[in-house]
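What follows is one chain in structure tokens, specifically the form predicted on its own.
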Amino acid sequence: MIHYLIQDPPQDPPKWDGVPAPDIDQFGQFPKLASTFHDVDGLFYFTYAVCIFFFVLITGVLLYSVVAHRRKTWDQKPLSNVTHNTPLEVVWTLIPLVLVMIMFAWGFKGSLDMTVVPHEAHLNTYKATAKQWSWQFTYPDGTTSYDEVWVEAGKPVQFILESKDVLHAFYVPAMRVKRDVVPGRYQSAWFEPHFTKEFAEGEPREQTFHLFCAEYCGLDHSRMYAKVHVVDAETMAKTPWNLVPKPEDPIEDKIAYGKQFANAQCLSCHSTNGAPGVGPTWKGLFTKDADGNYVGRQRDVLEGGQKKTITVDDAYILESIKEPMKKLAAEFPNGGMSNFDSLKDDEARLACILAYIKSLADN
């Protein structure tokens, strides 16, 4: 999480991918609470205060004892032969026990609040699918978005969590929500999102918060980041995630959307400048002929264990996305790209990706 020194904050707070860094308190802790899980903050600061109090108390007693009861001369005898004090031992056993029991009860109550999903959240269920190294979100109406998700302020929401490969974690610090995403098992998390600021007249009622993977999941774990947009009901009704350019839209719009999608979903494995990566580079897949038409280059592939040379074209690119193991680039014989099941029938997004890959021939 990006933060800055409280003692000397910059004039313009830092941003991550266009999202301002979270507001933090005078102790340098926690972004502002944007959900209803108040017990997390309360228990944290209670524990914080208890630790500080006993640290100061114990350190003070030790320092006093070292000074007041130090040996004055080398032949000085012990001041006392008392080996224990039963009442004192009972006191310093009971007081920590009481404090620990308070913390346990407080934490248990907060845990129940987080794990017992209310009926309203069940009626507003999303799905969050984690894979190396991106997030896919499916809305209650069946539509999808990638690495960004929109939720309505004041309306409880449940996320069904699924991993397509390894262990991940769904962590939204501002909502005080963290849940491991375990392969082969559905997990769930819920929260009721809220705004943490006042809006000026006419200002769009929207705030964006950070979502992280909080379990190390591989080479590009640090890139597995998403945005949670909290909006009002009016904005939510416009389905702002459904902005994929249509077939009749200008090619520039398709290229721009394809680039945005690729940055979020593809470029952790594929480069666009010829640099080596986990998968084949996209640079040079297409060139332009004298008439300005895109022409695919020759590529060696492995199909069914047999090496062959093909000409890159639209069908090959789309097949590589839908069935990545069917024709493997010869320089990457082991493959490794996972299936993008959600894209198989999403012709609009596929067209944008293809438009962006072709546009690389212009550079």
Partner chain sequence: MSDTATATDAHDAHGHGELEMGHIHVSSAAMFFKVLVALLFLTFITVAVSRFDFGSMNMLIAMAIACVKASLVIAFFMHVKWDTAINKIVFLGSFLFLALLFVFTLADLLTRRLDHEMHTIKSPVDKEWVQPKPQADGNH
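Predicted model only: the values in this text are computed from it and were never measured. Positions refer to the first chain, counted from 1.
Below, we refer to the form predicted together with its partner chain, which is not included among the displayed structures.
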The stretch from 281-289, 259-267, 143-151, 184-192 that lies within 4.5 Å of its partner chain in the predicted bound form, judged by heavy atoms, is 184-192
Interface check vs its partner chain in the predicted bound form: of T196, S271, T125, T208, the one with a heavy atom inside 4.5 Å is T125
As a check of understanding, the residue in V116, L243, A233, A275 with any heavy atom within 4.5 Å of its partner chain in the predicted bound form should be identified as V116
Would you please decide whether I251 lies within 4.5 angstroms of its partner chain in the predicted bound form, comparing each non-hydrogen atom pair?
no
Task: Partner contact for I160 in the predicted bound form: its partner chain, 4.5 angstroms, heavy atom - done: yes
Taking its partner chain in the predicted bound form and a 4.5 Å non-hydrogen atom cutoff, the residues of 306-328 making contact are none
